[in-house]
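First comes one chain, alone, set out as structure tokens in the form predicted alone.
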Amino acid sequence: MFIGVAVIAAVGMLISAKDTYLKLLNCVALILLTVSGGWTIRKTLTQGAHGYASGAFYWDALSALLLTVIVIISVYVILYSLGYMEREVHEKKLPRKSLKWYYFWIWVFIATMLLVVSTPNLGIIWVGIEGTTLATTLLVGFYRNKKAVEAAWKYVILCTVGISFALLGTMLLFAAAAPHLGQSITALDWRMLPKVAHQLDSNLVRLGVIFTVVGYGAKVGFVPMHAWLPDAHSQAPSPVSALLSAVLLNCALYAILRWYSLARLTTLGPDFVGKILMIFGLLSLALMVGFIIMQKDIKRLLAYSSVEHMGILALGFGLGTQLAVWGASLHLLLHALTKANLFVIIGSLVQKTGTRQIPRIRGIFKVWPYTGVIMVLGLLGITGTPPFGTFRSELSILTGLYKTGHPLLGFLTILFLTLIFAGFLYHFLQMLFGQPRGRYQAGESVSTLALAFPLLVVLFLGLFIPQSLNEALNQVVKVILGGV
């Protein structure tokens, strides 16, 4: 059971901070996580939704999509962490004894996210999301300097306020469902709720939906609740930033999608929560244009990009057509792969140059050509440039907008995406070319190109969608639009 693997791995990390021990234990844990998680994903997609431990744990196609993202990105990020954190110790940015706590909190973080996508209960999903806040607060402030501690405080306060709203929304849903499903935890079971959806008090559900979307939306990073995100991403160790952007935001969005699929079946109809998501989506896209174009800090630039992509996902899911939801489901996977890669390669770049300031980074192609190649691929992938898969997924969402009679919304989305592309192009071209500023140690191993593997997957999925993946995405669409 992968949650047990993550918990045992977390406890095991506290035994020793020796490099050999941490590498061995992490590799064993990652193998077990991949095998157990992969088995569950395969069974879910080939045999349908199924449970474990009398239904206490339950997975359907939507759960499997998020579980896939968690497993792939966790493996990628922890393998990268083994070298990255050793370099931090070698450069005396961290004491060696802190490494065991780093891996402890990483595995606790992974365990809480695995819980979120493995429970059929909306109340326990809330507990899991709150658990991610506790684990990641200590990771955001891991360097213990003034800026890191301030970012951690900002993160925990804003997310705690948000999660309190989500708790209030969950309690309102319980009040609406308890007369029909009983005064027990079953009243928050997303497998049972669709059966009584039309009998739920619409006023309680309406308030519950608003509180929940706003509450979890703070964790997703929707504008205007996104203020924690750039500070947390810029101050956390780069592997942690990758996990935050590629996985945590999607887990919070997953909680909203469970509410979304339920609310569509109530007397509120499919449009109520869809319109809320589309408003947040458009706001998130629009506001990020200025922040991305004017940005000087490379990690904050990637953080604002994550807000933008959460906006794209909100538009796609909120639109609620089969094509748009299919595109949004694919985009969720592709954004996770692309953003994790960018945070990893930028993390290495920041280690080499000692700065996050874009104007101070020049001439990457001259001193680190392999890093430059990966950055170009990352630039094309994150901006949805053809033939990358992100272009295909964004095109599906845009087509959905025009087909459903939203030409103005489609035009604005294209306009914002074009301006964001121009902003990214401007920043990345500055860093890739010109004369290096500083005495850097030139040259790097060809093995650096291995970091580009997720981007090659994104490129491949832009050229060809395997039938098995298409069928899996169609199953996800059915869950989101069908309610169960």
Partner chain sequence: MVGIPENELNLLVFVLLTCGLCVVYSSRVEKALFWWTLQTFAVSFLVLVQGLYSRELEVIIVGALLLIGKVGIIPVLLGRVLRDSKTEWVGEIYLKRTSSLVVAGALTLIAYEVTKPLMALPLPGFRNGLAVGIALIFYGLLLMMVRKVAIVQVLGILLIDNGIFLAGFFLTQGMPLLVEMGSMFDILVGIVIIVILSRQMLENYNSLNVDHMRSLKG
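Residue numbers count along the first chain shown, from 1. Values in this document were obtained by computation on a predicted structure and should not be read as measured data.
Keep in mind the form predicted together with the partner chain is missing from the figure; the text below concerns it.
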Item to complete: Answer for residue 97 alone: is it within 4.5 Å of the partner chain in the predicted complex, judged on heavy atom distances?
Response: no
Item to complete: Classify residue 240 as contacting or not contacting the partner chain in the predicted complex by the rule of any non-hydrogen atom within 4.5 angstroms, answering yes or no.
Response: no
Worksheet item: Any of the heavy atoms of residue 304 lying within 4.5 Å of the partner chain in the predicted complex?
Response: yes
Practice prompt. Considering only heavy atoms, tell me if residue 90 and the partner chain come within 4.5 Å of each other in the predicted complex.
Written response: no
Worksheet item: So which of 76 to 84, 383 to 391, 360 to 368, 196 to 204 is the stretch with heavy atoms within 4.5 Å of the partner chain in the predicted complex?
Response: 196 to 204
Discussion item. By the heavy atom within 4.5 Å rule, which residue out of 192, 286, 409, 167 makes contact with the partner chain in the predicted complex?
Written reply: 167
Practice prompt. Report the residue, out of 353, 295, 321, 413, that has at least one non-hydrogen atom within 4.5 angstroms of the partner chain in the predicted complex.
Written response: 295
Discussion item. Taking a heavy atom within 4.5 Å as contact, would all three of 250, 451 and 478 count as contacting the partner chain in the predicted complex?
Written reply: no
Practice prompt. Using the arrangement in the predicted complex, list in sequence order the residues of 239 to 260 with any heavy atom within 4.5 angstroms of the partner chain.
Written response: none
